[in-house]
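Next up: a single chain in structure tokens, the form predicted on its own.
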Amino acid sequence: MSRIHLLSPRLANQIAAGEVVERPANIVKELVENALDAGATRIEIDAEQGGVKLLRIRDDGHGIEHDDLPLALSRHATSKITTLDDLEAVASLGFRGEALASISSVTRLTLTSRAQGAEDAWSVHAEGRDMAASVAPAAHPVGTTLEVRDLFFNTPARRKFLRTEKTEFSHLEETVKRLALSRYDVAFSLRHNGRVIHQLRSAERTIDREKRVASLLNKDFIDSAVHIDAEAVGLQLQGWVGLPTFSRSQADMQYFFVNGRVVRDKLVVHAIKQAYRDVLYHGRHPAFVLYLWLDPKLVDVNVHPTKHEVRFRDGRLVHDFLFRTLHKALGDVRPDDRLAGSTPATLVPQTAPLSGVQAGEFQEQARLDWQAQAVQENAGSYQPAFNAVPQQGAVSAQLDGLRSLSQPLDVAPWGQEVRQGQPQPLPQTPSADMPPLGYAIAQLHGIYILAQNAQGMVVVDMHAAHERITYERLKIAVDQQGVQSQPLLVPVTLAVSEREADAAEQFADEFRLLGVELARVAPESVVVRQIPVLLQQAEVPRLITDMLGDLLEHGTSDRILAHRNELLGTMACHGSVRANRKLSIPEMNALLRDMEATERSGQCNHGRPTWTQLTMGELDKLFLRGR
């Protein structure tokens, strides 16, 4: 083995480039983030051959001073941080000072810049060599232009890993989309091989921001999205989440930003997945564009070379905040929101935001209150329109009544008295007073309810709709009774790791709130003495170990709630109206009214849609009317 020696600057930069520069899209990300940090209001990106032959990024930022240009291509040279305190509260997108040095070590790079107030512009050039660069005068307006040519020209082994031009440009375009979604106040343009791909103006108003999202993603996404704007305990969440009816076969329309930086975080994904759990069809993925804002001191962005991962100081609080906010937003969606083509009212702050939040100054009591509330308020605030919520001890009676549906639904829509068998008269013309789902006309093959509303015709899957109504009622009934626990006849002893045993001790109060009593009896052993009554048939060892795993990874667990809801969903399925059961017009109308008041009534417990709308325009097209 050879003696220890220092690597040459060129080799060190190429090693760093292996972490930072994988394809042209990585170069665009680093250079555009530098432009944003420089205060640019307009950024132009030109690419040739997928960005492999040429990348040109222009901005109108404050530029680089003449004396700083020789340092610009050096490693660990940056204007964004100076002390350790700056690193612990990074407010800029870049901070390591590695990007330009890494890029210039594997490309032919030319940097031209003119600083604000300077009379002349200057340029610096490098071709994969040591960082001793010469500065020459140039012609350029205020701002900076970087030209990156011939990616990996001096490392042919890495060039072989590049994909086709189409594939490389698709990655580059996706990167530009993320950057354009992160800063609405900046205008972006993207050209490929001389052809304009995106031309985005700055968007200050909400409607202009929605237009940008629609142009970059999908117009149907904005039309089927719920607008979020919630604030609590020093955290703020804004953006849009797609309704369960707008789901994707793959997770290709999920954008999450933390303080303006796009991230992919397991904790965030877990929280959003929980919020969509019983409204999304199996195998489908939600779509969202969300922005989380918090004090920079409460999040560590110096985790991964690409800066795509972050670490929250209080991950449990962030997880609960995201889950509760999205769970409430999706639960508040009603048929009239979807039919109107608009989103529900913006979420109001759930608690007053903490001003001047500093690192480590969260109140422990506020955190515990927040998490306890998250456990106890899962069912939301829905109150059914008929058959009042059962009182304590009456869940089985509620289920028995729902299972047979032997009694007519005796509450009329809109407070009118209806006798069994007497049809509800339809209005002669569409009226603003007509309910969102309209009034029932007939039943089709004992499965579907046909209704007329102001927009046209509504078709309702009566079993799926009633299944959701029953499910939400059962959840409310169980929540009102509290978690009923049952001691185990023979306590179950589990062999766990020391970390899991530590977690069992640390989260003992959370387990107790969920109806589980367990204690540590050895360094790597815990004993379970009590579980919820509803889960007495569950596999206790697997349930507890899965919960401990969730607590270690995400700081929270909903395994018991998931098992409980799965059981209630099965009960609701068996207790809902079945196919081929003849419903009277008043019964059908009462079911429609209850759908309008029930959370998540657009989907059954399994994520399938419960109703669909056919507008008059769509019906006219079927019969070629108006041609």
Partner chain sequence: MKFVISREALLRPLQLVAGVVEKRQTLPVLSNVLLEVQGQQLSLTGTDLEVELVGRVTLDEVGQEGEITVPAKKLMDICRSLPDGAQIEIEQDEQRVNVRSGRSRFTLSTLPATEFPNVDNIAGEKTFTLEQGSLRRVIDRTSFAMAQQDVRYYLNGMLFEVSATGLRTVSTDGHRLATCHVAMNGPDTAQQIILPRKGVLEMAKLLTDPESSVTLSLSTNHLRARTENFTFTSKLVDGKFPDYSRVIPKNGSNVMLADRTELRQVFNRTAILSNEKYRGVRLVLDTDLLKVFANNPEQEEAEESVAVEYKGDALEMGFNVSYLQDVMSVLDTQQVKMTLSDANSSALLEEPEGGDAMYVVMPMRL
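Just so we're on the same page, rigid core means the largest C-alpha set that superposes within 1.5 Å between forms. Nothing here was measured: the structure is a model prediction, and the numbers come from that model. Numbering follows the first chain given and starts at 1.
The same protein has a further form, the form predicted together with its partner chain, not shown here; the description that follows concerns it.
Per the 4.5 Å heavy atom criterion, its partner chain in the predicted bound form is contacted by stretch 471-479, the sole one of 471-479, 166-174, 119-127, 202-210.
Though its partner chain is absent from this view, in the predicted bound form it lies within 4.5 Å of a heavy atom of just one residue from 54, 597, 571, 585, which is 571. Residue-level contacts in the predicted bound form: of 197, 533, 269, 303, one residue has a heavy atom within 4.5 Å of its partner chain, and it is 533. Although the partner is absent from this view, residue 487 contacts its partner chain in the predicted bound form, with a non-hydrogen atom inside 4.5 angstroms. Within this chain, residue 309 is remote from the site of its partner chain in the predicted bound form, having no heavy atom within 4.5 Å. Mapping the unseen interface onto this chain, residue 231 falls outside it, with no heavy atom inside 4.5 Å of its partner chain in the predicted bound form. Although the partner is absent here, residue 492 lies within 4.5 Å of its partner chain in the predicted bound form, judged by heavy atoms.
Core-superposed comparison between this form and the one not shown: the CA of residue 527 exceeds or equals a 2 Å shift.
Taking the rigid core as fixed, one finds a CA shift for residue 118 smaller than 2 Å between this form and the one not shown.
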